[in-house]
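Next up: just one chain, as structure tokens, the form predicted on its own.
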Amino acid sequence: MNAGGPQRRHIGVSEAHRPEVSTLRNYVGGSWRPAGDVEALADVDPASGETVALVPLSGAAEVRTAVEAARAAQPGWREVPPQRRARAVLALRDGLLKRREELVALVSADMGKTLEDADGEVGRGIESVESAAAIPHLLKGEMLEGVAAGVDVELVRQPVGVVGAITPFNFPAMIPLWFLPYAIACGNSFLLKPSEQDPRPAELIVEIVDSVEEIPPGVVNLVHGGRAAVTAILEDPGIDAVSFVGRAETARIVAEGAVRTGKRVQALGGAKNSLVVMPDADLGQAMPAIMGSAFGAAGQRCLAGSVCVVVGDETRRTEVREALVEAASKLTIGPGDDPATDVCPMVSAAARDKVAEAIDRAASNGANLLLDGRGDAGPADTILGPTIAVAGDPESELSRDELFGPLLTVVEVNDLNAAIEFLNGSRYGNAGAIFTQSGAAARQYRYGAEAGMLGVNVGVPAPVAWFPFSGWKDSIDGDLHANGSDAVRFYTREKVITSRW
């Protein structure tokens, strides 16, 4: 994943009041407020290149104001019984369902992904809200009586306090909805800092929160910004826990910064996911799954399959290469709001350039480009077509680095042991998948693969919201993941009481 992302054009304050585009506002203490005299950033439509909004780059002062509002609201919110907090979360779900189409369209317009992808993202976010509504059950503690004469021991879960969330560009609706419902259901107050590249879906989510009477002012707050806002969240003593999704390098910085200031942290990092194609795999079934995994959302997913590990002899390797090129060549490239589009624009011209430059380097170093998507970059310089390259070196940049674009690297090995060894050689451990008709191969893979989310004949092994999003290795800094029981454990502190009567 990528939080913060490439630098984009800055706009001076005097330019930030142009009538044709609006400047987004922060949401603090139950009201929408201008960020003040701060610099603004252009929110650019990835398909057209047009500026659609201005994003204020809030700093420490704006974060501090939001934290104060959150701290003031949290004690009263904690006193609300869990079942009533659950009803508030259900009211949020109802509001999201009523405005689902609007949110889907905004995700597509702001991030660039297809409407189908955007609808799937919003649906997964709503699942998280539904899962968090089970909080009266999920918050239950434990009790053991009679540990000694007249002595009982009880464990209870209590909210951590104020939660700060820093979310990435590639899932501008789903990832805020990973964090927000669980955090407030557990009795915390919440401060959201969405990606400055596409913050409008997060603003709409908070607008829906504002319409929920059961959620008091100050429980949910929104601050727009970039690096300065992130630094302020990490340093502000009024924030007790930080949830983050982004690049692995940034996740490590966030984790270290949060720990340095005594905060609990879950920092989900990047990925380089491998899709293993066994000799017995049904290519008719595997190819659509691989295409969706590698090129859906232009490869800008932390669950994207960016390496295809082909197991077999030269005949099989040729067969898979030809099938990959044939399938990818049929994909339609275009704007996300066109129902015919399979591969959408990348989020920015800088993001597209980064991947294109990696393809340039690989080609000059001897990689075999089976399909080259470098061509017309479109009106916003964000289009990169599906690209498939056979790696000359399985330890190359194309094979090992998170490049985050519509680029599929082919690595060829002799057997499943070698495929698993390649997968486990990655610094990342987010996800992987195997395509096979053999139960024995599937079991060997699921037992030996060092990744937290695995698919068997499934290209994007995204767990439903009742299970944690459980990356391993450099794909996470921290012990507790997003969603499921891990979310409840992260947003609460355990207290153990020993009593004698």
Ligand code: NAD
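Computed from a prediction, not measured in an experiment: that's the story for all the values here. Residue indices: 1-based, along the sequence shown.
What comes next is about the form predicted in complex with the named molecule, which is not displayed.
K.L.:
Using heavy atoms and a 4.5 Å cut-off, decide whether Thr167, Arg247 and Gly269 all contact the named molecule in the predicted bound form.
P.N.:
Spot residues vs the named molecule: full contact, yes.
K.L.:
Using a 4.5 Å cut on heavy atoms, which of Gly305, Pro181, Pro194, Pro345 is close to the named molecule in the predicted bound form?
P.N.:
The residue in contact is Pro194.
K.L.:
Heavy atom within 4.5 Å of the named molecule in the predicted bound form: which of Asp117, Glu203, Glu412, Glu402?
P.N.:
Checked against the cut-off, the match is Glu402.
K.L.:
Should Val230 be counted as a contact of the named molecule in the predicted bound form, where contact means heavy atoms within 4.5 Å?
P.N.:
It does: once the named molecule is placed as it appears in the predicted bound form, Val230 has a heavy atom within 4.5 Å of it.
K.L.:
Hey, in the predicted bound form, is Phe435 touching the named molecule, heavy atoms inside 4.5 Å?
P.N.:
No, Phe435 sits far enough from the named molecule in the predicted bound form that none of its heavy atoms falls within 4.5 Å.
K.L.:
With the partner left out here, check for me: in the predicted bound form, does some heavy atom of Ile208 sit within 4.5 Å of the named molecule?
P.N.:
Answer no; every heavy atom of Ile208 is more than 4.5 Å from the named molecule in the predicted bound form.
K.L.:
Given that the named molecule is not shown alongside this chain, does Ala298 nevertheless sit within 4.5 Å of it in the predicted bound form, heavy atom to heavy atom?
P.N.:
Ala298: no, not in contact with the named molecule in the predicted bound form.
K.L.:
Pick from 274 to 282, 156 to 164, 379 to 387, 247 to 255: which stretch has non-hydrogen atoms within 4.5 Å of the named molecule in the predicted bound form?
P.N.:
Stretch with heavy atoms near the partner: 247 to 255.
K.L.:
Enumerate the residues of 210 to 228 that have a non-hydrogen atom within 4.5 Å of the named molecule in the predicted bound form, in sequence order, or give none.
P.N.:
Gly225, Gly226, Arg227, in sequence order.
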